[in-house]
Every structure is written in C-alpha cells, then in structure tokens.
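Shown next as structure tokens: one chain only, the form predicted on its own.
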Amino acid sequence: MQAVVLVGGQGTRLRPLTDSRPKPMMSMVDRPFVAHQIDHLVRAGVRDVIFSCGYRPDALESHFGDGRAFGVKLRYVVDPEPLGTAGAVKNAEEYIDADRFLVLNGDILTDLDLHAMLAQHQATGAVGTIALTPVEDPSAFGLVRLHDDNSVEEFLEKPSADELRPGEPYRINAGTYLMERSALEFIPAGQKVSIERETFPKITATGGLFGFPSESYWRDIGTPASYLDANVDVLAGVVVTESPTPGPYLGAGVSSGSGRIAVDACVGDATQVAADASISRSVVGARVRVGQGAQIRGALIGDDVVIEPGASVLEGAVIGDGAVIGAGCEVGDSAIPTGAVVQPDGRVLAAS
C-alpha cells in the first residue's frame, strides 16, 4: 500500500512556534512529529509515502529527502493554493498507483492497528474506511454514527444534546482513512474540497463508507496543551513509538549542571540549564539558555530562547524562537512572540 500524509496546514493554533517551522516539523521528543507517522507506517509495512504539502514544504524536504534514511520511498506534492483535505489528496493522484491507499492527517499521534483496519476494509468491500476514536462528549466534534455492520449511517457536526441518542457510542473521525483508488472519482480536480464534509457523505450515499472503531491511543497535537500532553505521553510510553522511554529526554550536548529536569520534560540539543534551575512537564527547544534559579513548568519553549536568572515560565506559556525572558520575570498562560523581550517590569518588547 501507499500512504498520503497531509502536511500542508499552517498550525495557526501553535503560533508563535509555527512561525519558523511547519507543524509536522515540531519536535516530538527526539524527532520531528511527522517522523512518528512515518515510523507508524513502516511498522505496518507501508514503504511508499507521499507528503501532500502546503506551508513551508522546504523544511520537510530538507530533513527527509527521498525518505531512504527513514525506511520509505518519499515523494512530495505541493498544493498551488489551499485545497482542503480531499483536494490535497486529489492533487497527489499522479503518484497514487496502488489499488488502495492510506490517508493520514498530519497532526494525529496514534498507534492505530493498521493491519486490523485493512482486514475489516477488505472484508466489507468498502470504498473507504474511517478510523474512529471514542470521546466522552461529542459536542465539540463531528459524531459518526454506524449501522450494525459498521457502514456509516450519518455524520453529525457538533451535535447538540437533543440530537444524541440514549446509550449510543460517541465516536469521532480519528484522521486515518483507508481508500480504494476509485474513491478519487468522488473528488473534483483543482478545487478546494473537504474530505470530511463533502467526499465522505458522497461515498456514504453509495453505501461504500465504513467506520473502524478503535480504542488505540489517539491525540490531535494541534493546540499547545495537546501538543505538550503528546510529548509527555511519548516519554511515558503510553503510545507506541520509536522514541526512548522513560523520560526525561535530553538532546545531544545538553548541559544541565545541577539543574533539576523531571521525567516529563524534553530538552533540545545544546541547551544549557544552570544550577538550581528546574524544568518539569515542558518541551524546551535547542540552544536554550536557562539561568540560575529559573523554573520552567508546563510550558513550550522554542529554539534559541534565553530564560534569565530567577525567571519563571509557567503553565500555558508558549515562547517563540529567540525570545528573552528577563531576570525575575514570571510568564504564564500567554504567547511571547518570536524574538520578543520580556523585561523585568513585565513589559513585552517586540523584536527589533
């Protein structure tokens, strides 16, 4: 089989970190996030991968090249303009030559059993199969209802309480699809098309769309909180990955002095952590300098950031690349732009 990985999004909810890197290249412990998806495919025996790109494709291609170093044949398709999830798949059609192929949203961390999904897909004769994951409250998602044979009955976008049926399972689209090549016939070329809102309902009308309910690990990394949780889960071994566990993760050349780095922290290459500084439940980028007595807790820190002595970067803080957090400052639950300076009096000066 082949796989199309949708890596074209701009990652606006993860700004300012995505000002300087596409979301799929955000670090996830010891490798870019999308490398975990390649690992997942390789474990399932999929070695032919197409990246459907949009925002900053150069960053992906310069890191992954032709894919040989990662165990796959890798090719790139760049959307000329945003084409939506289905339009991006259609734009990759010239490279899709297998009878069936996988589609992966480029911001989902999962260890879904792709072999079991394929077995159901073949047994049902589906045109398309959608992986589904359970949620406690579907009101913020799109509920997918199934018939007894797992064929899709209907989609309900952000259902209200009176639209729900007593006792029904709440399952949502998990962002992994298995499709016959014939599914491409349902997608018009050169148009912006949503696979969830336009293509899947068309296939459902033919009886050819099925759901694959799964209890496997699943997380969308699109928000700062979820991205941080995903890193912590990888460190704890909650999800199957190729990353080292248990944590903490310390990149090459990390100098930690007598600083305290907790098991739920990731620290990037060449970062310096001074004596009496502490880092817990955080992702800290490369070449960061953490000063004497500083503390980082529940935060995301970009590359080349300076945390001056005595500063505190606390829960919900997202610090852009090259920013400076002044001595004794406290930053929490806010985003500090790329290159900005937070002064000791709390004022934020934009990059010059």
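Note that the structure is predicted; figures quoted are calculated from it, not measured. For every residue, the number given is its place in the sequence shown, counted from 1.
The discussion below concerns the form predicted in complex with ligand GTP, not included here.
Using a 4.5 angstroms threshold between heavy atoms, Thr12 counts as touching ligand GTP in the predicted complex. Proximity of Gly54 to ligand GTP in the predicted complex: non-hydrogen atoms within 4.5 Å are present. When contacts are judged by a 4.5 Å heavy atom cut-off, Asp79 counts as touching ligand GTP in the predicted complex. Contact check for Leu6: a heavy atom falls within 4.5 Å of ligand GTP in the predicted complex. Proximity to ligand GTP in the predicted complex, taken as heavy atoms within 4.5 Å, picks out 100 to 108 from the listed stretches 141 to 149, 179 to 187, 100 to 108, 226 to 234. Screening Ala92, Leu83, Leu74, Leu114 for any heavy atom within 4.5 Å of ligand GTP in the predicted complex leaves a single hit, Leu83. Contact with ligand GTP in the predicted complex, defined as a heavy atom within 4.5 Å, holds for exactly one of Cys266, Ala88, Val273, Leu209, namely Ala88.
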